[in-house]
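To begin, one chain is listed below as structure tokens, in the form predicted on its own.
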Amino acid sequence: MEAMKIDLLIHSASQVCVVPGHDGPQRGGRLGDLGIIENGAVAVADGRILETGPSADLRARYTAETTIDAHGRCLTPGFVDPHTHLPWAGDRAHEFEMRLGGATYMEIMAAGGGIMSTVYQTRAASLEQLVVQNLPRLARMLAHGTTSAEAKTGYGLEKAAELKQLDAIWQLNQRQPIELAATFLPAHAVPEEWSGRTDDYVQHIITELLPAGADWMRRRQTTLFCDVFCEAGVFDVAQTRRIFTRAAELGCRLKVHADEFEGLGGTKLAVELGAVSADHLVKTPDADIAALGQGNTVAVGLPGTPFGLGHSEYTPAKAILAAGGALALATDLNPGTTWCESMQMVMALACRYMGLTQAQALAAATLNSAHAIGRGDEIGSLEPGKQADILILDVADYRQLGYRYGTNLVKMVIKQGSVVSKQ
């Protein structure tokens, strides 16, 4: 039989980590199923995975326009980062110095720091400045293996600046290889001009900001997530419900920041309302953990955040998995608490402080993270029909991920069948 001509064939990989998930995210005790093919190969046509299998079989069956010899290296799906605060302007390095000197979060806020410092810098930046400042951050993410990511507003907190962040996300999506899923987050904090009037600001979000975001979504012919920081001192459960109810009416999908400092019930609300993900989940009550096991909301752990803050508590991954929940990982990349652009570092933290194995961390950072941005049917695994987003690691064994940190183990990044980064 004559060999079939395809676009790309990668062969002679020590391991092809397929990370199977044809029936959804890997839940509970199933997390960590990598579907490893030893001495494996991947066939790609039209930017999508055509087949995976033993190298001898695929080399006999296909000829390719481009052939890559993996030389005994490991192949994995591209990492998916489902929670970042890109794009923003400026930095807050001086606040980190203050924190090291013993200043509390509230003292930093009183000195003009905290989230409003980034809000003022982001409001002052032009659209082009916002794009230019964030392109290098995305380039570093790509070099470390991230091929898809979520990006949030939330550093505008007023209509023009929030829409400018959405426009920046749109342009960034066009100007570099990482695919960005946009999230509208005007409920990230209560801006200073609304201080002491949280309910009034919630009403403003419902009547002014959400309709503006929905109009942007319609004009761009895309889908937005809506996120709320449901936390003590920010937005309570009742306020979060009001925002989410209106956002859903306007066609947005839902995500939530919850249980970072106190367990208010935001995770249970997210499950009730069918949110795609609930993120942070450090102080999550037992009832909310049980709800994750019964619903379809993905729990997203952000171990870089407590690490960045010097805290000792992390997402209770084992309890979430014991309840049958689906667990993903993300960087929470932001200028205030965790400026981390590497999903590899997040996996290393998750293994140490959330108790995950390397296999669980890899599945959480690929397949399950894809489901945390509603794209698990398109990306996150090397199954036939999915986008050919592939990493060639510079090591032979996937277990080096999580074990090693502070270095980049990615040799080559392939996005939709094309090489987009090489080390």
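What you see is a predicted model, and the numbers here were worked out from it, not measured in a lab. In this text, residue numbers run from 1 along the sequence as written.
Absent from the display: the form predicted in complex with another copy of the chain. The rest refers to it.
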If you check Gly355, Gly374, Pro54, Pro384 against another copy of the chain in the predicted bound form, which one has a heavy atom within 4.5 Å?
-> Gly355
From Ser342, Ser117, Thr284, Gln239: within 4.5 Å of another copy of the chain in the predicted bound form by heavy atoms is Ser342
Distance check, His22 to another copy of the chain in the predicted bound form, heavy atom within 4.5 Å | no
Is Asp394 a contact residue for another copy of the chain in the predicted bound form, using a 4.5 Å heavy atom cut-off?
-> yes
Looking in the predicted bound form, any heavy atom of Phe96 within 4.5 Å of another copy of the chain?
-> yes
Is there any non-hydrogen atom of Thr338 lying within 4.5 Å of another copy of the chain in the predicted bound form?
-> yes
Among 180-188, 137-145, 76-84, 213-221, which stretch has residues whose heavy atoms lie within 4.5 Å of another copy of the chain in the predicted bound form?
-> 137-145
Heavy atom within 4.5 Å of another copy of the chain in the predicted bound form: which residues of 403-423 qualify?
-> Tyr403, Arg404, Tyr405, Gly406, Thr407, Asn408, Leu409
